[in-house]
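Shown here is one chain on its own, the form predicted on its own, set out as structure tokens.
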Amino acid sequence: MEIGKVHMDTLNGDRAAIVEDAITSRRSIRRFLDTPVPRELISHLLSVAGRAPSGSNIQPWRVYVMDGEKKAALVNALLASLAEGPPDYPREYNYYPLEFPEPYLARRRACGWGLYSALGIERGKNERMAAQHGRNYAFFDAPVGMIFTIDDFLQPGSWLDYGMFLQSIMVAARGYGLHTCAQAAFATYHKTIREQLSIPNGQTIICGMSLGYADPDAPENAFTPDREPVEAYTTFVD
């Protein structure tokens, strides 16, 4: 019994380490190698992520996956839209609040300046900042791009479920040495995306995601934002 207990403790410890590493090694990668990702692996990751929980198991996610010429066509259309300036149509939803109170403002600024500092972009260099932001629409050169939509009539509970699905993709990807970047920026140009991918009306474009192998030499990939300690957001009720 004791030997079996030691074996189970070791096995459980190994499992915990694997899961924790997948979660804690996930970060937003902003420059990828051009190494292709097999479609079978993409399909497998989405199948694994599809085990994410959802209220009454309605599974509210819809995914559009692109690589090669299809991705290039979308990127070209998005960059053309970006060059024309801000879109003349509103976003389908607001990802951020209209004003940031503290402590959220400080965290947002720290994240932004941390990234720009890693890239050697000084404050006031607005053109370089804009160029870096524009790289969102090229999926940061990742070989795979994904766009996620949800049916318009679904309510906030399904959006919460969707977050668990997205996280599951990102964590599952780590098990295969892949990295990701979830990108709300795509929602800004939802009309361009809808036209390029023939997305029907009645679906809201939530975000995009870059998927591929991280460029280990890219300075922006060395940046990881700080996280708040547990005691900053947790209340243990005695």
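Just so it is clear, the structure is predicted and the values come from calculations on it, not from any experiment. Sequential numbering from 1, following the sequence displayed.
Although not depicted, the form predicted together with a small molecule is the subject of the following passage.
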query	finding
All of 62, 148 and 204 with a heavy atom within 4.5 Å of the small molecule in the predicted complex	no
Which of 70-78, 132-140, 119-127, 152-160 lines the interface with the small molecule in the predicted complex (heavy atom within 4.5 Å)	132-140
Proximity to the small molecule in the predicted complex, single hit among 197, 33, 185, 41 (heavy atom within 4.5 Å)	185
The small molecule contact at residue 219 in the predicted complex, heavy atom, 4.5 Å	no
Any non-hydrogen atom of residue 181 within 4.5 angstroms of the small molecule in the predicted complex	yes
is_contact(residue 28, the small molecule) in the predicted complex, heavy atom dist at most 4.5 Å	yes
Contact test in the predicted complex: residue 15 vs the small molecule, heavy atoms, 4.5 Å	no
